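Single chain ahead, by itself, as structure tokens, in the form predicted on its own.
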């Protein structure tokens, strides 16, 4: 697969890379991690879109590759309704400090366990910066369940699923309903139009 079909994903999260690869592979799009030695410092913001936009600007500045399809970043969060969306954009910090067992303890005795995963994917493609959002609603389980996935997957039961947590699903099953899939699907819909543009180098037959 040539570089012209490759997206460079600026993330150190191997789980995110694996999911993006699996989602986009059927479309003939390859996803590769950027240089693991380069780290992008995130701004402090309560808004996923602001963080994603800042990440994308920094990723573009650090990218020196040629003939790639796009540069990609993502900012995602786990939003708990009872806590007015917290941890949200602070999900990574909370996961590192409290852990998912700490989150479960904070919900003991609380009836409202509704939550959602949300993400914003930023793409630099065709000299433009584009952003795509995805959300998966569900509930927080009462215990840790499953060995797959990463982050909050073992305590999140998606509404569109069959009662299992994300961590009890395999990559393909999670990929059918996840927030990341929905954001990437939004990009894919745009990409189909982009390929047909008379100014695009990715037109069918080119």
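Numbering follows the first chain given and starts at 1. For clarity, every value in this text was computed on a predicted model and none was experimentally measured.
The discussion below concerns the form predicted in complex with a small molecule, not included here.
- Every residue in the set 11, 76 and 151 has a non-hydrogen atom no more than 4.5 Å from the small molecule in the predicted complex.
- Heavy atoms of residue 42 reach within 4.5 Å of the small molecule in the predicted complex, making it an interface residue.
- Residue 92 belongs to the set of residues with a heavy atom inside 4.5 Å of the small molecule in the predicted complex.
- Although the partner is absent here, residue 16 lies within 4.5 Å of the small molecule in the predicted complex, judged by heavy atoms.
- Residues within 4.5 angstroms of the small molecule in the predicted complex, judged by any non-hydrogen atom, belong to 173-181 and to none of the other stretches in 173-181, 60-68, 26-34, 139-147.
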